[in-house]
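The chain below stands alone and is given in structure tokens; this is the form predicted on its own.
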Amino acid sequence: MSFDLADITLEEKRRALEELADVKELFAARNWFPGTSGNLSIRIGDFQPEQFYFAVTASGKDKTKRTPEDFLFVDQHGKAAETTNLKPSAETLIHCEIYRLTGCGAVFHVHTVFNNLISEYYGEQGSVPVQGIELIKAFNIWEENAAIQIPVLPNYADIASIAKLVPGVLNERIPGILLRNHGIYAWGKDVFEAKKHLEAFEFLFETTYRSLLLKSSK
């Protein structure tokens, strides 16, 4: 069944934009968007892998400010779904691929010192090993002394080349993918879950980094 952005109610669109604005403000206060980096999106309306819509941050905006030009709606190809002068974030194609593969409700991407350092340290290995840290439970993994591998993809200048790699590393148990020396993409069924997952990842990255420092100092 085909559907259009016009089929989605104004109330749902406004709700998505308000949620994005609130999350953007929260993450900006944590300095997770240095130099206009990072991007956020929320999917709206019905979902089919071959057709969906989402609101995404506009390219090149100061995310510490709240303006009417912060977001736009795009389709499953990352193309603007309404008339606008705004451009979607450069990495929107990665959001498209994550939505297509998971049907999730929100995708958040941030740049932090810890996710950059850890992604570079384990970049050649292709994943970040984490074991026995309590916050793994945020991903609904409850095994004692649980061990996970967080995927790390190369950070190509061509975003389409990165997006093509996403299906090969996406793990339904691990709602996140790192780009090497770049940042984390985390997702969830809705804004609350995506935020929870992102915060858990950032805790894991900082803990792993500090653990490496402790080991090297012995």
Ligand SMILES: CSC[C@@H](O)[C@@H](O)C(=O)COP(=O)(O)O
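In this text, all values refer to a predicted model and were calculated from it rather than measured experimentally. Each residue number is its position in the shown sequence, starting from 1.
As for the form predicted together with the named molecule, it is not shown, yet the points below apply to it.
Participant: Even though the named molecule is not shown here, does H182 get within 4.5 Å of it in the predicted bound form, heavy atoms only?
Facilitator: Yes - in the predicted bound form, heavy atoms of H182 and the named molecule come within 4.5 Å of each other.
Participant: Does the named molecule get within 4.5 angstroms of any non-hydrogen atom of P68 in the predicted bound form?
Facilitator: Taking the distances in the predicted bound form, the answer for P68 is no, it never comes within 4.5 Å of the named molecule.
Participant: Though only this chain appears here, would Q51 touch the named molecule in the predicted bound form if you measure heavy atom gaps against 4.5 Å?
Facilitator: Outside the cut-off, so no.
Participant: Within 4.5 Å, heavy atoms only: does G188 come near the named molecule in the predicted bound form?
Facilitator: Looking in the predicted bound form, residue contacts with the named molecule do not include G188, since no heavy atom lies within 4.5 Å.
Participant: Have a look at L101, L135, A90, A146 for me and say which one sits with a heavy atom within 4.5 Å of the named molecule in the predicted bound form.
Facilitator: None of the others qualify; the residue that does is A90.
Participant: Out of 168 to 176, 146 to 154, 33 to 41, 188 to 196, where are the residues with a heavy atom within 4.5 Å of the named molecule in the predicted bound form?
Facilitator: Heavy atoms within 4.5 Å of the named molecule in the predicted bound form occur in 33 to 41.
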